[in-house]
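Subsequent text provides structure tokens for two forms of one protein chain, presented individually as structure 1 and structure 2.
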Structure 1
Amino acid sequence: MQTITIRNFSKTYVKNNQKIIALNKINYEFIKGKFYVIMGKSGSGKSTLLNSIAGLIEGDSGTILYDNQNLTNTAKLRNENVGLVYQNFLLNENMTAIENVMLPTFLNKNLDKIKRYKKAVNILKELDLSNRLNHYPKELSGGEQQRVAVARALINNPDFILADEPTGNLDEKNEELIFKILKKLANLGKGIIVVSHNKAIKKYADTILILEAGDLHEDK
């Protein structure tokens, strides 16, 4: 069973000459096939933790391992095993939906042009976007853009999906749709790690984690 293991991971910032502890010797193991939600007050370090797992932020100490391999130092390992979904979608405005989805595959030498196109088409079809393949982001609704972002995260068939406030810019209907998609992915064996302040997500989670004062613990 694939895991992401955090060992004694710490991260501090300095603001106005004051030391701010965002993460304080975090220890936790995320298991593939479960839906995890990380909650906490604004500024508690939730996004810092998620971006550290994604390898976008370097910690001061400690390690983050994917099946005992250092995830933070290996771009190829992250690209193949971790998919990212963000609140603001981060789609390329000059690319169509299908081009945005195919983008991460260009580092995958096992996929030629035809294979990556077919794979992107199939994923977008599963997310009910088969009629939006050639639409640009500005031609899509917020919910459709977020589903394209989910499809992009799935294109390399990663074991884990990381999502930072994935429904923050969506209405209630699309919010529920995204939560259901993520839950379905967990049921299909993906490890889902979501940072959210939205209490509506709780009913979809297998495990709720609370981050406060630099400490991560399971909600009881």
Structure 2
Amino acid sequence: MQTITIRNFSKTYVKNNQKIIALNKINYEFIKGKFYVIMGKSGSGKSTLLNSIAGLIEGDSGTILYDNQNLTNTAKLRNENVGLVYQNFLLNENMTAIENVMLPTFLNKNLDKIKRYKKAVNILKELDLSNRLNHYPKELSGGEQQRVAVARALINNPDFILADEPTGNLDEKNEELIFKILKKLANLGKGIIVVSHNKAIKKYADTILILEAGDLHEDK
């Protein structure tokens, strides 16, 4: 997958008769191999946008195309092409670190148990979690949980990695580790789309995007 194209995409929430326009006819094309950072105030619709790209939210109008095709109904393709790191990690509490990381591989019939396990071990090692494989989320620090969530997004080797505040809970050292890993992945040809409030990420970005008043535009 080379591109993710957003066309006239809108999403409005209605709650207690109040309308919240999160995304208002957004247009943008994300290209593989580039590192995008999306910034914007709390409540400006950043998570709504990432979750829409990942196919977890349906828009009111407009489309999101992968390689110019509408694949929103194809969970398997999305699962293999887009890796998502959620804002609140969403790890399965009843699974160990390594089981959480292996979870997205179960739709992939080409991998046997040993291969899944080896892949997960390697990714967790890269994220400095070799000695936490069998810990449950509640036995991990916030930063460790966050790195498990990053590992889970990487396991299927997706073309695009979406990360919603991936360093929110991390100290500076681990924050740098995550930014560097994402940058390395962009250099290896992956598309990286990161939501962050953190100014330290700016130096890694190819493009900084601002979401405000329902509109997405490049930072000038």
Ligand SMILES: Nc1ncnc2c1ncn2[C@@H]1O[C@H](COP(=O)(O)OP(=O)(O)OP(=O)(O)O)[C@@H](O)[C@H]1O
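Residue 1 is the first residue of structure 1, and the numbers go on in sequence order from there. Quick caveat, the model's predicted, so the values are computed rather than measured. Whichever C-alpha set is largest while still superposing within 1.5 Å between the two forms counts as the rigid core.
Tell me which of the two, 1 or 2, is the form predicted together with this ligand.
Answer 2, the form predicted together with this ligand.
If the two forms are fitted on the core, does Asn108 show a Cα displacement reaching 2 angstroms between structures 1 and 2?
No; Asn108 is a residue whose C-alpha shifts by less than 2 Å between structures 1 and 2 when the cores are overlaid.
With both forms put on the same core, how far apart in Å are the CA positions of Leu129 between structures 1 and 2?
On core superposition, this C-alpha lies 4.1 Å from its counterpart.
Please state the CA displacement of Leu90 between structures 1 and 2 in angstrom, with both forms fitted on the core.
Comparing between structures 1 and 2 after core fitting, Leu90 shifts 2.9 Å at its C-alpha.
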